[in-house]
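Shown next as structure tokens: one chain only, the form predicted on its own.
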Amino acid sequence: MSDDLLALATRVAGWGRDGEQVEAFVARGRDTEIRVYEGGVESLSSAESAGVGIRVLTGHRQGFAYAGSLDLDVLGETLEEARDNAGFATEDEYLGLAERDGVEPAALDLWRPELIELPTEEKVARALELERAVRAGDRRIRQVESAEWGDATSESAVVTNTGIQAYSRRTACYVSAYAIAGDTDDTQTGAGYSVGRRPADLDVQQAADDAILRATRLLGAVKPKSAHLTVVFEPRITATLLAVLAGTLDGESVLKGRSLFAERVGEDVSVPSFTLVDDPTDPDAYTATNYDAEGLATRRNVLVNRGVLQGFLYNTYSGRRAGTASTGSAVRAGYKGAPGTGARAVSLVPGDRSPEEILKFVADGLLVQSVSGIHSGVNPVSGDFSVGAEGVLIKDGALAGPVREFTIASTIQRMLAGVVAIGNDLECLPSSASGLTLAISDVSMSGQ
């Protein structure tokens, strides 16, 4: 429970010497993954982890060390190692631990004990049920490559001798399937999933239907003719794009000259219907949390409001370098790393059109089902955008022939300016971004 993690973190922070700032980040978690194949369990793994990351600041030097143990002797040794590392560090006038900023944490309840109490047999049964549902859902399904159950619990406490004391915990679970569909001369694949915080949140049939649709919809796909057209991104793809966009609105990236939006605060960067927020306080967001990785309360940060760039995301360090305050946006990849800056729960404010209405509005264009090479194909400095894609052509407002082996290209700047429709189908996904249907005009499709 929270008391023991907070007590440990408080104890470590209290070992600080005069003139030292000490931060203790203590974390504990458990992950389970079950994979079934052809009616049997192919693999089952369950792993527990616990550890501490300690930062020590002396003057303008910072040292960091971590250990995969919560033993008191180990904690003491780790603190000494962080002290030693600080002695070899380069001085930096902006270094310093977070301090209370008066923002109250959101009252979030993200912990579901029924997930912890669920027997392993029930988890296996859910995965097997999913495999059967995919096999029975369509005669064109040739194989279920995998059907999985996964769950995770995580707890963390952050305490500093500068007055920070924070604790957060969450549970999450999912079922997912990867299907292979085929006809006489073609095979295609598709994945489907359902996510939640407790077993009752999961919809096995929805995950199966999603995998079946994505696999069968692309059967007979051909390479399209090159064209400039309006593209409609499904929620999964929109979420991927928003995560990339959020990376360019990271204060660290801006300070390092790795963002195309530097010096553009207050300018129009998109259309008036486009409002982008990062809101970890939304309980429906898969990555919701009440505290950031430095122990500050998370908050709803509006990045783009009605098309106008409002600002960037900062942790304590990047905020000081930029001459501003933290936006409660410190992130870290567990106890083994020091905090950086990043988005946690990015989403667009939904529009008023359903996906079907957007297809009719677009009339002729392309529905994008999947993309590849998103990280290598997007330049955060120039904004150049070019990725591989698969999808279905839109004719007369309805889905027509499936297409594959082509690229879609534009720039982030043109895409933001070319938003023509935003869906009302906001979907929380297992990532740092939520998705919805999004239509963008004048995108280049390079095929044959």
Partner chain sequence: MLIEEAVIEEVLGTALTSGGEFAEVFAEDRRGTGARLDDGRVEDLASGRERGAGIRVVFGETTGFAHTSDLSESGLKAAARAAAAAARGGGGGVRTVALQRVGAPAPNDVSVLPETVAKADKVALLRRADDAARRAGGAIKQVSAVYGDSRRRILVANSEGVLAGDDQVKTRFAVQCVVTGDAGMQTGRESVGATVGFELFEQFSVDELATAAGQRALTKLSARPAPSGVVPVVIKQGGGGVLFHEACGHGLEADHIAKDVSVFKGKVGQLVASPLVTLVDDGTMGGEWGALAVDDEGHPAGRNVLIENGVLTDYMWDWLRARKEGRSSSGNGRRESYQHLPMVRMTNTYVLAGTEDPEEIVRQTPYGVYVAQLGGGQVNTTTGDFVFGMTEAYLIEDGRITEPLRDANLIGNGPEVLRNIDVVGNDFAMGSPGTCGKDGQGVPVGDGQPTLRVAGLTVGGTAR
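Residue numbers count along the first chain shown, from 1. In this text, the rigid core denotes the largest set of C-alpha atoms whose superposition between the two forms falls within 1.5 Å. All values reported here derive from a predicted model rather than from experimental measurement.
There is another form of this protein, the form predicted in complex with the partner chain, and it is not shown here; the text below is about that form.
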property	result
Selected contact from E155, D279, E81, E357, since only one has a non-hydrogen atom within 4.5 angstroms of the partner chain in the predicted bound form	E81
Option touching the partner chain, based on a heavy atom within 4.5 Å in the predicted bound form, out of R300, R264, R100, R258	R258
Partner contact for Y193 in the predicted bound form: the partner chain, 4.5 angstroms, heavy atom	no
Non-hydrogen atom contact S372 with the partner chain in the predicted bound form at 4.5 angstroms	yes
Heavy atom of T58 within 4.5 Å of the partner chain in the predicted bound form	no
Contact test in the predicted bound form: N305 vs the partner chain, heavy atoms, 4.5 Å	no
Contact stretch among 180-188, 361-369, 167-175, 233-241 - heavy atom within 4.5 Å of the partner chain in the predicted bound form	180-188
Heavy atom contacts to the partner chain in the predicted bound form at 4.5 Å, residues of 53-72 in sequence order	Q62, G63, F64, A65, Y66, A67, G68
Post core alignment: D185 C-alpha displaced by 2 Å or more between the shown form and the other one	yes
Distance trend in the predicted bound form - C-alpha atoms of L399 and D183, change of 3 Å or more	farther
